[in-house]
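Structure 1 and structure 2 below are two forms of the same protein chain, each written out on its own as structure tokens.
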Structure 1
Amino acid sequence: MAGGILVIAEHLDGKVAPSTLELIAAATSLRVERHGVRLVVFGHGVKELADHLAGYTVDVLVAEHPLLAEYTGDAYVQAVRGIVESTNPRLVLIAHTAQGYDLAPALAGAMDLPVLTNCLAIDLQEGRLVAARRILNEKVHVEVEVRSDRPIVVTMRPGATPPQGTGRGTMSVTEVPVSIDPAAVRVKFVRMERPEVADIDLSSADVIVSAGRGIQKKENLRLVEEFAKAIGGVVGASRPLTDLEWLPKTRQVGQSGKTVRPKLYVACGISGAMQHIAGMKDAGLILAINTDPTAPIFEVAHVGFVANVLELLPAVLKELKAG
């Protein structure tokens, strides 16, 4: 059982992470020989989750062990290493999440494998991997080529690929043995701490209205919130506003915040630094409002208004209420 692509599933509280469905889509879009795409689910008591994932047109491997009930790097590296050694895939795909960018380099280091992180797209061409990445604070788009006769570990940025839809029928689900040395697990999971107040998940929103420094003061957020509510959206922000604590960090869109792919993204008073654009450029329709006609946001916007957002939004709201 060798070849193909091995996708590492990520899940929490019995729910599949959206980034896992994106990895499946990226993997199934590649032309691979032999065993194609296999998804591996690690955990304890995750058989039902694995059965669900088998509906996404990929064969699923289930690796269960009490030490995999919660993520720890040492336990996961041991478990993943065993499966990589037995399946010898061409690629090991991992989401570039907090879990993924801990696991990927640790796995690559333990097995002496090549690793590429934070990729936007991947392709297999005549025995070589070609990956698209952005470097120098997202200002430069590059393609990296890797040739290797050993598995290549790749992390992909969440939001870079549209997620895989469910397929028809059910693919195979196979339980695989896991061997973990408890003495080698140096970190012990204690508890999960969550925010006291649950906030909006920007990554799943269809309409996002984001505010930037152009709104001038915190009190003007009410205007942005009213507009977002009127068009069925939620409020996001650029980094300066979350740094000022006008909105929580969970609302930040950009390289150091959330990567989003809404159907509509409205940028209100956002100049468009590359770090922000990196997080929203793949929205279906981008509408930008800014008083500066040379603002970088207009380079990615589908529709742009050179206007004061504090004057334009009240006028639009008036028309919406009248119509």
Structure 2
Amino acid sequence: MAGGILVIAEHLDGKVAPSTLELIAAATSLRVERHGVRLVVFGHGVKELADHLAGYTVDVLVAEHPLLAEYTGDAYVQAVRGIVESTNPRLVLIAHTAQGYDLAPALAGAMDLPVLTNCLAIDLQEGRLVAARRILNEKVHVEVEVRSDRPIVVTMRPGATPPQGTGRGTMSVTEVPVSIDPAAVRVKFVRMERPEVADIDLSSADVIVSAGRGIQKKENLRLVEEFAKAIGGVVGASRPLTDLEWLPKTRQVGQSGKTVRPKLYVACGISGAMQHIAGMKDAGLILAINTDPTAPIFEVAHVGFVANVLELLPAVLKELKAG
């Protein structure tokens, strides 16, 4: 049963990652010959989840094993490997999430397979996979191709493909055997740590003014704070600023921080890396201030100011005070 596309579902705490629905859509749009698209749900006690996913117009395989109860790279690589070997797909699609970073390249390394990660779009053409990617801080678009007679492991950037919707009726759900050698599972799950809730809750703010590395010095946060206050907002930040501990971690917007949806988001000296965009792209009105007209933040912003934020903010404050 060679051919087709194997999509690896991602889930945590009984919930499917939104990126999984995007992968299904990306795979389905490729119109592959023969066995089409199959979604594999790995885990323990995930039958219900699998049934739910069969509602998204995709055939589902369930691969259950006690050692898959919590994700570990070792157990997942073994389990995925078994299914890749028995089904020999053309593509193995995985989301470019923290779990995907861990799984996809290690699987490719262990099985000696080609791998292409962080793709925005993919296309299967005769004998080759063409992938569109962004490089150099999102400032350059690149298309690359891979030819291989082996399955190609691909990770897709979350948010790049609109998610698959549910269809009428459900598709098949098939249980597949998984064999895992416990001795070869060297990585052991210890515990989950959840962020403490303290400070302000950014996700409930209507107006957020976020500072990025472009503000250059911790002292300049005062300027951003003053501006935020003038427009009734709170201060958020890109990751480098919370890493530097200029602001508490609770203020970080993005993939590994908060996802926010304020009415107004002002990005001050933020380049617009995909991990930042992931947390703020759905804000009502996005303004960006950046010295670099090619900064990718301008692709999601509604209005862009090509300016030194350290000069523009004082000037705006003056304007606002003047009434």
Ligand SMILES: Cc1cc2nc3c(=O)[nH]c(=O)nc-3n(C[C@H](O)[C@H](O)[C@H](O)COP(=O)(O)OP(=O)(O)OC[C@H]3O[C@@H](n4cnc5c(N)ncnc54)[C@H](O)[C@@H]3O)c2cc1C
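Rigid core (definition): largest C-alpha set, two forms, superposition within 1.5 Å. Residue numbering: structure 1 sequence, from 1. Predicted model, so just to flag it, every value in this text is computed and none were measured.
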property	result
Of structures 1 and 2, the form predicted alone	1
Exceeds or equals 2 Å, Cα of Gly212 between structures 1 and 2, core fit	yes
Per-residue C-alpha change between structures 1 and 2, Thr155, threshold 2 Å, rigid core fit	no
Residue shift check between structures 1 and 2, rigid core fit, Lys47 Cα at least 2 Å	no
Following rigid core superposition, Cα shift of Thr294 between structures 1 and 2 in Å	9.6
Core-aligned CA shift between structures 1 and 2 for Ser238 (Å)	4.9
